[in-house]
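Encoded as structure tokens, the following chain is the form predicted alone, with no partner shown.
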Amino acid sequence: MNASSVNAKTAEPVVKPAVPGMDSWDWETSEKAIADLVEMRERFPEVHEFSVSPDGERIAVPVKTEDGQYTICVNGEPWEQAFEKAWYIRFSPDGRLTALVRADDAWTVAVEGEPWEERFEYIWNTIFSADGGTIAAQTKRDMQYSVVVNGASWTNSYVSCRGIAVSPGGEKVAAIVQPVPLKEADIFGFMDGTWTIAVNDKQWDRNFINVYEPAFNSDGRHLAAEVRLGTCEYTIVKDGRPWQQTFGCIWEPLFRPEGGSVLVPARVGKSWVLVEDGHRLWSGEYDQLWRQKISPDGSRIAAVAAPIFGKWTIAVDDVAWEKTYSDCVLEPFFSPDSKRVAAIVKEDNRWTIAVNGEPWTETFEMVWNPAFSPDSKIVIAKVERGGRFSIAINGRLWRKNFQMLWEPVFSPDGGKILVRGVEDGKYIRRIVEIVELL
């Protein structure tokens, strides 16, 4: 379901899943000067948005060359291949660099400089499995829409395709598709339903008025999605079968790690409640409720909640934090031990982090997702103040600041932090002892 508020913004998880190969990263070299961004801007007519690899060893950017072509420049060295266009560069979780590229007036994905053979009128929304082994994207060809996975297109195409999801292990890719054409002003055809889900190139048997936010469970065997059955009638469809219960509105579904049940905020009457497999789970009623999260041990649930109109906070196991915020509260993040919850909060146009209901005293112009240390004792976040970027640790601002900065990453033992930032025009990879930031 589309959300109109900033509170609906999807963000990366704080308790991040194990990054492939993270143990083998260089956690010993204190500083590496990787690339001179000033020199790159002098060398190329156009230099676009930079992206940094998860291990911090590479910085990449689309650039325009002297002959009017585009390519990707990695650590200052351009790919051998040139294209008519190149953009939307993304590093996969396993560190491979991808870009959307156009050659001979057709688009595809290039992985580490090698374009897929399949070509399309257009391609967009590159996404990855958790381990990076599966790369998928949405495509348009001959006015039909479909999905390409690791360079191979689905055989079926559709009138439209409105979003995709990849199972954690990468075995399955799901897409919201419109298999039935709809004539202009065909209200009856619209109410009969023209949208459904396709999984690995095979669509569900039933169509719905609308379908939103498909979500896989942890092992990828099950898929749930929001669907609209009537003018104001919504429910969850799991593996193609709708719940018997319907609601005035619902938000994105979430599977429990164990047991396979589905949690979803649902509108009942004038209030929002938390529902599990169609039945009410929390007794509390809220003016709004969304972005539910389950703790790593599976025992607790947290969600963004509005106890009354315009007052936002976090509710944990149906108990709302005492302090509320008028501007904004973003999704909750559990600590690895499941005992602490952190969230980005905003009041009087200033951002900060609240942990277990207590906001940091320092406030900022912008705050990025908080991250817990492996022992759950330390919370860090990238922050912006005065147009410069730095790291806040347990609410205190680090003395160093940067022209550009990517989100910090804890070492596997929690004793160090990987800092990926730009200082004096140079991209530098640093490993910083945690005691230096405290």
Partner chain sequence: MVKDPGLDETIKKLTPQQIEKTINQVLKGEGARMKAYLTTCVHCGLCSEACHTFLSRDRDPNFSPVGKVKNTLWEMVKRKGKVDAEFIKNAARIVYTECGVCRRCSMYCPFGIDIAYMLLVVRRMLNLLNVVPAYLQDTTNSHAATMNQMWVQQDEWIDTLQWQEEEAQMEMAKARIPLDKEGAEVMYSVIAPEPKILAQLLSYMSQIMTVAGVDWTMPATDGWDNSNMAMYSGDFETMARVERLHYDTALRLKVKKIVMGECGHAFRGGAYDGPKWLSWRFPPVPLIHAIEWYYELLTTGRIKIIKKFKEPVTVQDPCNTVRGKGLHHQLRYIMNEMCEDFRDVDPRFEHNYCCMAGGGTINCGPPWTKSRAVSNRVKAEQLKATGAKYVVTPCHNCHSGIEQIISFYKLGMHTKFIADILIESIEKPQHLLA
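Positions refer to the first chain, counted from 1. Fair warning: this is a prediction, and the values are worked out from it, not measured in the lab.
Keep in mind the form predicted together with its partner chain is missing from the figure; the text below concerns it.
Proximity to its partner chain in the predicted complex, defined as a heavy atom within 4.5 Å, holds among L281, L229, L182, A106 only for L182. Though its partner chain is absent from this view, in the predicted complex it lies within 4.5 Å of a heavy atom of just one residue from Q288, T134, S92, S295, which is Q288.
Interface membership of Y234, defined by any non-hydrogen atom within 4.5 Å of its partner chain in the predicted complex, is confirmed. Taking the partner from the other structure, its partner chain in the predicted complex has no heavy atom within 4.5 Å of any heavy atom of D337. Among heavy atoms of W79, none comes within 4.5 Å of its partner chain in the predicted complex.
Using a 4.5 angstroms limit between non-hydrogen atoms, W116 is distant from its partner chain in the predicted complex. Using a 4.5 Å cut-off to its partner chain in the predicted complex, each of E49, W312 and E384 places a heavy atom inside that distance.
Exactly one of the stretches 146-154, 200-208, 215-223, 187-195 approaches its partner chain in the predicted complex with heavy atoms within 4.5 Å, and it is 187-195. Taking its partner chain as it sits in the predicted complex, the stretch 77-97 comes within 4.5 angstroms of it through a non-hydrogen atom at K85, W87, Y88, R90.
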